[in-house]
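First, one chain by itself in structure tokens, the form predicted alone.
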Amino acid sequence: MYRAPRGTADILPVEQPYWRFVEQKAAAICQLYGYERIDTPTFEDTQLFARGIGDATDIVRKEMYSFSGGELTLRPEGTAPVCRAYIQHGMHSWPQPVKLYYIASLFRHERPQAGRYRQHHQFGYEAIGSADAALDGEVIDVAWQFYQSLGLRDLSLQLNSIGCRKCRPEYLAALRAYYEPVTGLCRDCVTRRTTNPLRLLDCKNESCQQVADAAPKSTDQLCPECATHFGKLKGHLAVLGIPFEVNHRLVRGLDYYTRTVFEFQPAEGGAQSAIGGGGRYDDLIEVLGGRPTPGIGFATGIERIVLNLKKQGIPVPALSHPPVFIAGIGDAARDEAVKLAARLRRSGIGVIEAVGGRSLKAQLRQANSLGARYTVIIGEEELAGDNAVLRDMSGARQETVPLGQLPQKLQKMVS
């Protein structure tokens, strides 16, 4: 028997109310803040991610799905494609900052875990074209208000600044010096010590985490410009009334980040179950071939949001179903039912038709199971009088209505 590939999942109709709820809230919050939707291709030039994310990251080294001789890659993250579109379409000439959002499938060959699959889905947004710390505050506020609108509780905002290309080399040197005599690191961290020391702080191995807790802090090595920027951001968050905790081990998993990095974590699970995060990437547009342009963004996994909605018992609105069921008894009546269904649908009324020639009792059971509000019954007797029986399923009350009057009558009843 065929099954969905490991690390993928079917989103069945019973799950769809959660997904539509999240997507509608995402679109609504973006509209409030002036973000417009962008959809980029599912796959891109491999070098877009290798250069943008960083050759030494786990994503590029181990997790990308590449094909066509390695030239193309299914997108493992959403920021680099948006930045590529910004450059390609000359968005630097648009009013700045350019604010864009997306809802997209992403692909990473990693170990499947709760709320994270090899094919997963993200809601993300980018604000490109301003280095103002106030924009950092707005980007974080959008995420905060989005989670609030969903009803999620007990989320903590973790915040850090990892400096810029001017001050980060000094910090990386301090990290290397600190880690040089350390023994007992995991295999990945032994490699990171040479290739990508910033990632040492992000290791999920328990013994490595203990070492990282005492590592030098990036905020102690910030240049005056980065220190000022971080101070202004914290001031903006205070004005917005958004509580936060400075987390000196927070670096995020992508090399393009500069200065601000942030993450939202649920009360249970900590960093390994972060529900969303983002940061500033002031060098990325230039690395990808554009003119120097600052930017900041955020992304959140929809699977993890749905997981937390269920954990917290947050109800979501049910999706609407056709309110009318048509039961036909006999071949001639079924032909009339088909015509009636077409007329009702063309007048904007959702209809489900009975199929299979079952008894009236069985058809009424089906109408109940589908949640129909009204059932139209057409049999030989009704057909002879050019009528139909209209049954209110909530109280089993029914009346005989001329077929020609049904669309208008139902239009009033279901509106």
Ligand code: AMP
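When you see a residue number, it is the position in the sequence shown, counting from 1. What you see is a predicted model; the values in this text were computed from it and never measured.
Absent from the display: the form predicted in complex with adenosine monophosphate. The rest refers to it.
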Should residue 188 be counted as a contact of adenosine monophosphate in the model of the complex, where contact means heavy atoms within 4.5 Å?
no
Can you work out whether residue 168 and adenosine monophosphate are in contact in the model of the complex, taking contact to mean some heavy atom pair no more than 4.5 Å apart?
no
How about residue 116 - does it come within 4.5 Å of adenosine monophosphate in the model of the complex, if we only consider non-hydrogen atoms?
yes
Flag residue 99 as yes or no: does it have a non-hydrogen atom within 4.5 angstroms of any non-hydrogen atom of adenosine monophosphate in the model of the complex?
no
Given the stretches 331 to 339, 225 to 233, 301 to 309, 157 to 165, which is the single one in contact with adenosine monophosphate in the model of the complex, using a heavy atom cutoff of 4.5 Å?
301 to 309
With adenosine monophosphate left out of view, which of 142, 133, 344, 274 would have a heavy atom within 4.5 Å of it in the model of the complex?
274
Students should find that, of 73, 196, 122, 221, the residue having a non-hydrogen atom no more than 4.5 angstroms from adenosine monophosphate in the model of the complex is 122
For the stretch 96 to 115, which residues lie within 4.5 Å of adenosine monophosphate in the model of the complex by non-hydrogen atom distance?
108, 110, 115
